[in-house]
Structures are given as structure tokens and as C-alpha cells.
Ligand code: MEV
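As C-alpha cells, one chain now follows by itself in the form predicted on its own.
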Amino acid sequence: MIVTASAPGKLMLFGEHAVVYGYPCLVTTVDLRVSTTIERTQSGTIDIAPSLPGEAEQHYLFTLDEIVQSNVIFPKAVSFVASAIAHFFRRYNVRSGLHIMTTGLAKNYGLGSSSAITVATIAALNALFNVQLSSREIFDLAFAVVLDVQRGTASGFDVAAAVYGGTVYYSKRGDIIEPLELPAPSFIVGYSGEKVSTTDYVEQVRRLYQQMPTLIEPIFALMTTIVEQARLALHAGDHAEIGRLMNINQGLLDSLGVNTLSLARPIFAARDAGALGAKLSGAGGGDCMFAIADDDARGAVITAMQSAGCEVLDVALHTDGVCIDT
């Protein structure tokens, strides 16, 4: 039996960094999907073959004992997939030889592909072994995997987006996961061209929070207010209000020290070209930003972002969560 599951990437909208400490955020999915294909074998080994466009296929081979031992550190290229298998095997007491092929994005845009591949792997295992996990159970297991691989630094919002799809209100490290019924956001998404470590920037803000808690806590509290107001504005389709909230949220992220020139240039270029709002998405330092503009300014905003060194991505937002591909 062969099963393939796919899961989407994400775009963080509001609440970056505060979400690490249990404050709420809003996140939406993007139609850049990753997939995991799993076939049961009689080999008694786990063969993982990650596939990226333009790269030669590599195979990583593990024994069943290596997979289920809790103290094994897996190679970075397959750490999320191998850890997902290990957690699944230990929790549901299943064992089988497997051949796994994963497909990723041609370029890592910082849109949550690690969490997406973790979710896709667990969904494929769930279908293959007929465990019948609920969406909540898939989230819980995938979040445990990501926490394990990232040594406890994950907040889980990108896992929730990959599982549930659409636009999600997320809070208290997964205690609250609320998929929202609203129109698909029409943001313009840009990649800064600079790939950075999310973990490094999360740790940078953590140190700042530890040094200056009386200043940073009110910033996180204000981000919570922004998230709640943005949720209403997204429901109403109020682009002007969404843009204002984006700009304020960006100012708070500036105060945390996570903005950089590679992000600031397209953010300010978009605003100067008529965008109602623009901000970074995620941990900062690089990766993606996004803007919102009315139809009459959209073309000028896209051109301005490109002129500022940003790759404008042709992506749809508010897309489906994890699914079994047929």
C-alpha cells in the first residue's frame, strides 16, 4: 500500500514573537505545498528519500531500532520526517519497514515547510496504518515532533495552519485553535531574498524579553489588541483597517529589533507606491514580507517591491490544510 499526503505552507499575519509566549496570532496558509509518500516494505528498514527540484535524490537508511530510540539525533535533511515516524511508532506501537519520498519547495521561502512536511508525514502514516487520528490528534503529535527537533523553541502556529488550513486564530500554544470563516485575504507576498534562522531571531527576542520584561510585555499585550482588531477587519474585508494594523504591528516588530534592510526596503517601497499597509511575516531578519493594496495601486506596489529587491510570489492564500492525495 502507498499513501501520499500533502500540507500547505503558511504566512504569519499578525502576532509574531508574542505567540511564542502564549499570546494570540493570526496565520493563513499558502498554496506552496509539500508532500510525503509512504510505502510499506518487508525490508525491516526505514528508507527516506527527500526530493528537491534540481537536486539529486539522496537516501537515508535507518533500522527500526534506530528510529524508535529516543536518543538518536537524525540528519538535518530528514530530521522532521524521521522524528515524525519515531514519535508515531512509539505512540501507536506500530512497526514496519517503510520507503518514504518527500517533495519540498524549490526554494525555502521561510513559509513553514518544516512543519508542513511533519504534518504531511503524520497524516500519511495515519492513513497507512488506519489509526484514524482526528485533526486535533494530528496537530498534537506534529507539534510534539517539531518541539523535539527544535529543542522546545516552536510555538506551533505553523503546525496548526498546516493541519487545519485556511486562516487560523491561534493562542496559548495550541490550547485555542480556531479556523476562521472569512474571505481569502488578497495580500501581495514578497520574498526578501535573504534566508535566516527563525530560531536565532526567536532567541534574540527571548534575551530581550528576559532583560527588559516590563517593556516587552506591554508590546506583546498591544500585539494581542492588534490581533483581535485584525480578526474583525479580515472578517469585514476592511483593507484600510487591515493596512493600518499591519503598519502598527510592523512598528512593534521594529522595536523588538527583528527588522532588517532586506525587509525594510520592500516594506517602505510598497507603502510609498500606495500600499495601505506592509509588514514582515514571521521571525524577521529576512524571509517574507507582505503588503495590502486596493486594486488601483496593486500593480504599482508589486513593481515597487520588485525594484526594492523583493521577489513577488505568485501564491494563493487561505488554502486547504493537510489532505490525502488521490
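Note that the structure is a prediction, hence the values are computed from the model and not measured. Quick note: we count residues from 1 along the sequence shown, nothing fancier.
There is also a form predicted in complex with (R)-mevalonate; it is not shown, and the following applies to it.
A residue is said to contact a partner when one of its heavy atoms sits within 4.5 Å of a partner heavy atom; residue 249 fails this definition for (R)-mevalonate in the predicted bound form, lying far away. A residue is said to contact a partner when one of its heavy atoms sits within 4.5 Å of a partner heavy atom; residue 283 meets this definition for (R)-mevalonate in the predicted bound form. Mapping the unseen interface onto this chain, residue 198 counts among the residues with a heavy atom inside 4.5 Å of (R)-mevalonate in the predicted bound form. Proximity of residue 310 to (R)-mevalonate in the predicted bound form falls outside the 4.5 Å heavy atom cutoff.
For a residue to qualify, one of its non-hydrogen atoms must sit within 4.5 Å of (R)-mevalonate in the predicted bound form; all three of 10, 20 and 154 qualify.
Interface residue among 202, 208, 131, 180, judged by heavy atoms within 4.5 Å of (R)-mevalonate in the predicted bound form: 202. With the partner left out here, (R)-mevalonate still marks one of 131-139, 76-84, 232-240, 154-162 in the predicted bound form; by a 4.5 Å heavy atom cut-off that stretch is 154-162.
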